[in-house]
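Given next, in structure tokens, is a single chain: the form predicted on its own.
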Amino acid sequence: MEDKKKLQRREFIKKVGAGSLVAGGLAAGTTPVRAARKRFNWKLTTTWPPNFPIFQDGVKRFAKDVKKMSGGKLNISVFASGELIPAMQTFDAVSQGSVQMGHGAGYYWIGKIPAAAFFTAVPFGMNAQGMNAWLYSGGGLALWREIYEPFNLVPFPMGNTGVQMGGWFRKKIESVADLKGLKMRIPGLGGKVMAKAGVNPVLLAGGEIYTALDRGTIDATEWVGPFHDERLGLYRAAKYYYYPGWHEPGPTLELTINREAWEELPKEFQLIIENAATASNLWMLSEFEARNLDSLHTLKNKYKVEVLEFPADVIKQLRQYTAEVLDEEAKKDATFKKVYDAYNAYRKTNDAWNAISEASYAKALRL
């Protein structure tokens, strides 16, 4: 009888002890994170106009994915350009913590960080496939985060347009001399290259381009490609549409996050953001590839736009100017040179493989 009482007492102590451990775990936060997870309500401002296809859609898709994967605990409210922050103040707003996130393109900020252009597009540089390879697998993303760190920002690739068009012009471009004196909306390194050709480069947000071109405030503009250019109505303001997009062969869009806000997130939320951004990066590029040709046919057949290839001598001269611009910028800025060297080193590898794979396959198709 005594042994039976001792046995019952031991079982009681075990149960009480186990209950104490569970209670202690709750207090110490060692139970599943979902039970103790904090709710986050963030704001994300973009450089794109409201309801802008693919760009703004891709950002909203990202926010929905994050909310779903976080079980509704990380909610991101998306604001278009001007709804909360003017387009060209996105970088500063995220850096200062006015909002937690931003979406735009790194080459918009070359006045602050000249090397940021490499993380969007380099004239005559790598295409979307090469950019993704460099950023995700070739050390580019780590370098990007290094140069954004002093500005309190954590960047992610989130979107790519693929090879763009060369731009809309109100007059034909038959030689380099025809570029001289033009006022053209063209950002980033492409703008610096055009300046060498005598162009006056202008930086305008997407929502301002059509009005400027229509009123003659600018004589030419690059934007994206047929799908977006048709919707912006650029064919109503200019009739000459040039290719290829030598200035933006694979422009990467960026998600930026305020560093303090990022570091407050649980690790699993950080992983959710990283994966959702990668998914949106792929989705946006796929949308452009799927939609551009139909819009190009519409521009040509319905709106009678003249789709023209840049003359060979113009492309050759712009390529020479590009080499000069990159060398000049590298001499002026140590960070620019560091990124330029890293970009070039990876590009050589990418070009060597591309010659055997993509380029040789494209050649085979033309036989």
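If you're wondering where the values come from, they're calculated on a predicted model, not measured in any experiment. Numbering starts at 1 and follows the sequence shown.
Same protein, other form: the form predicted in complex with a further copy of the same chain, not shown, and the subject of what follows.
Peer 1: If we take heavy atoms and a 4.5 Å cut-off, which stretch out of 67-75, 253-261, 168-176, 182-190 is in contact with a further copy of the same chain in the model of the complex?
Peer 2: Contact-bearing stretch, as computed: 67-75.
Peer 1: Does a further copy of the same chain come within 4.5 Å of any heavy atom of Ser286 in the model of the complex?
Peer 2: Judged by the heavy-atom cut-off of 4.5 Å, Ser286 is in contact with a further copy of the same chain in the model of the complex.
Peer 1: When the contact criterion is heavy atoms within 4.5 Å, does Pro226 count as touching a further copy of the same chain in the model of the complex?
Peer 2: Contact check for Pro226: yes, within 4.5 Å of a further copy of the same chain in the model of the complex.
Peer 1: Contact between Ala290 and a further copy of the same chain in the model of the complex at 4.5 Å, heavy atoms?
Peer 2: Close contact exists here: in the model of the complex, Ala290 approaches a further copy of the same chain to within 4.5 Å, heavy atoms only.
Peer 1: Any chance Glu324 has a heavy atom within 4.5 Å of a further copy of the same chain in the model of the complex?
Peer 2: No, Glu324 sits far enough from a further copy of the same chain in the model of the complex that none of its heavy atoms falls within 4.5 Å.
Peer 1: Which residue among Leu296, Ile110, Ala80, Leu204 has a heavy atom within 4.5 angstroms of a further copy of the same chain in the model of the complex?
Peer 2: None of the other options qualify; the answer is Leu296.
Peer 1: Considering Gly106, Gly125, Pro155, Gly140, which brings a non-hydrogen atom within 4.5 Å of a further copy of the same chain in the model of the complex?
Peer 2: By the 4.5 Å criterion, the partner-contacting residue is Gly125.
Peer 1: So which bits of 252-273 sit within 4.5 Å of a further copy of the same chain in the model of the complex, heavy atoms only?
Peer 2: Lys267, Glu268, Leu271, Ile272 sit within 4.5 Å of the partner.
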